[in-house]
Structures are given as structure tokens and as C-alpha cells.
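Take a look at this single chain, the form predicted alone, given in C-alpha cells.
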């Protein structure tokens, strides 16, 4: 790890959080749930807090504070474009929306379906998060899922040969291809620029969900500068990019939005309104950002992107890859551990996400024990990628005489339909990996002991029989307000 990356790694809120465990110990939390949401980069949060000293609404130049806020908000948009290598002003536009990538992907699905209704097919990869699958199902006449290379449970990236075959088979009907830059389940990286070149050769566009990529590795709109390899639209989430509380983002070729009325109407996106009508502005991104934006959140995200550019995403990526290779090698060497996705990192690159199961143990039980006895924050389930997870699990479900494609499959396989996911962030260390490996060895050595400590509910969650900790006992917003007000009342008024 370089000195710059190491210094930045220590500047995150929540690194020193401690909890009492079921065995009576109090230890630090080991946060391995970054694929769901990352911790907050402190220096970026401080930039947003500093802006609050001058805070006012946008859409005005009438007073000092409004000018400051407009300048900061415009700066945040520029940071987004710079981060993905958009140097051609006016070619791509950055827009903030919602609280993750979901709002942007819904917006893109609606807009692209309306722009070319005669192209009635959208190709979506099998590994997509629901956010980059369901909106296309809603707005396209037909969604066809692109298969992956390899065979379950060692599935790889998008099968570009199969994609080429589908583009040829449905020549003239494919509107766009929707694909993740990296999977939120396995971290497997897709060759998005190769996919763009294939799609563009058939007149199709490319929509990329980069939510699991941009915090971990460089991603440019074009990897070579060639127009045919340029991504048409990219969406990502600030809360997965060290800026919780920030909006989601889309970077999109401006021509794909021009000439169509935006979905959301309101203040800031019109030039004039009368009793009889309204005139939508031609200015981007204003026309796509109706209403009062999340200005502090956008500026916080802009600050994160600026810091990461100063450090260099290549350095961030290299530091994570070292940890990932160690974790993957040591996990796969443990008897009784099943790791999903192609394990050959030279053939199929990954980012810092690994999903696994322990043979004979429900994923919910594994996650509960890792939390209650080792203070490891991991996630379990299907990670909002049900088709992909089901496909990865098919061989072992068949071993249990369960048919994942049966009509009643959901009820039958529910306790076993899922995985445990450990995911890395910029703040992850070798100690995090040490503790995770220790916890897994402990569970595999004492499965009956731990199973006896838990009972499962109807949703597949495992609850300790004697150790309970309410969230309110750890953090109660009402009590926090009272403590803050008490500080005010104890301060003499001068």
C-alpha cells in the first residue's frame, strides 16, 4: 500500500466503532460490507459541512450565499465528468438523482425506450443487480438476458460471443445493452468497452451500472479514446463511493436526452411557465434535475471524487487487488468453503467482492455467528441479484434434490438460496482478513455448538437464543437529540 493510500485509509468515520459480543468481549467492528454501502470519507464530509456555513438554495445569483452554492454544485458536476474521463464539454452530461443508481437507471430505461420504440429489445446481462434489470423489463417490450462464460458455480463475465450472436439474431431490434461494470455478488469485471464496440456495430447503445466499480478501479467512458468504444450512459451510487447521504449519478450522452420531456417536472428545469403551458429549458443538467437538489450530498461526493483523482485510482485498485488475491487464495484453501464465480483472476478479473458458503451451514447462520462472536459485518442473502445467485447455486441445490426452476422453488429452497458476502473498501486491511478467516475456521470447527445457540425465523434470519442487543441501545436518535440539547442548555448565554 502506498503512503498516500495508507494515509487516506485512516480518514474514514466509523473505523473505531466497537461492540460487545456474545462471548462477553468488546472488540472493534470489522467492516466487510462495502458492496452494500461504504463508510464516509471524513475529509470529503468536512467539505460538505464547510459549505453549510454558506448554505442557501441553488437557482439564483441574487446574493452571496446563492452564488457560492451554485458554484459548489456546478463544481460537483465537473468532478463527476472528470472522474470518468469526459473532456469533451457538452458531449456527456452529469446529472444527480435519487439516493443511488436506481433513479438514474429508471430514468435511462424510460428515456431510451421512448426515443426508439421501433427497437423493442434490450439485452441485459444475467449478473445484474435488480436496479439494472427491472427498469428495463418495465419499459422495454422484451428483455433477453445475456449468458455468462463458464459453468455454475464458476461462472465468469458476460459471454461476448453470445452477445454478438444475439445482436446479429435480432439485428435492427436491439435498442441497448445494459450491463454492470462489476458484479455486486462476485466482483467479476465485465469488458464494458468491448461490449460497447459490439453494440455500436449494430446501432445499439450501452448502459453501464458502475455502482460496484468506480470506488475500486479506474473507469473511463472510452478506454482508448475511440468513439466506437465509448459508453453511452454510466450510472453509479455515491453511497457506495465513500459519500453516504449523497445522490446517485448518471453520466449520459447528451443527445440521448435532448428532444424528450424529462420525467420529473418542477422548479429549476423550465425557462417560463404560464397558465396555458410551460417551456422546458435547454440547459443541462438543469432540465434533468427538477426541484431543490441534494446540494451538500452532491458536493460531498464531488469532494470524494476529487480526492480519489489526486491519489490515483490505479493506486487504489492495486492496494485492493493485493488484499483480494490474499483473501481469495486463503478462502479457497479452506475445506468446506465454497467460493462463487470464476477463481482465475488472470482469466476473469475481479474487484473486492467475494461471496461464499460454508458446506452444511445456512448463510444466515454464518453471517449471524460472524457478527455476534467475531464482530465482522458481512451481508448474506441474494444481494438484489436473484437470477444470478440462483444460477450460481444451481449445482448445490440439485445436490439437495431441489429444483431452482420449479414452480414452488421459492418455498423449498429459501433457507439455502443465498450466500455470505465479504466486500472490501479503501479502508480494508490484512487484519480484517485475518479476523474473517479466524471466524470461518471457528465456525467450521464448531458447527453444532453454534447451531444450538440460534433459532431461525420464517425469513431465514438467525437470532441468538440468549444474546440480544437492540439497535436503540446502541444508537437512539431521540437520546442523541436530548444530549445535544443538553449541551446547549449547559452553555451560558453571553
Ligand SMILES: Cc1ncc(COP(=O)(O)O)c(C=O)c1O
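Residue numbers count along the first chain shown, from 1. Predicted model only: the values in this text are computed from it and were never measured.
The following text describes the form predicted together with the ligand, which does not appear among the structures shown.
- Partner proximity in the predicted complex, defined as non-hydrogen atoms within 4.5 angstroms of the ligand, places exactly one of 327-335, 236-244, 389-397, 186-194 at the interface: 236-244.
- Residue contact check for residue 139: none of its heavy atoms lie within 4.5 Å of the ligand in the predicted complex.
- The ligand in the predicted complex comes within 4.5 Å of no heavy atom belonging to residue 423.
- In the predicted complex, the ligand sits within 4.5 Å of a heavy atom of residue 100.
- Contact annotation: residue 129 falls within 4.5 Å of the ligand in the predicted complex, judged by heavy atom distances.
- Checked against the ligand in the predicted complex, the candidates 48, 41, 35, 440 yield a single residue with a heavy atom inside 4.5 Å, and that residue is 35.
- Proximity to the ligand in the predicted complex, defined as a heavy atom within 4.5 Å, singles out one entry of 300, 175, 212, 125, which is 212.
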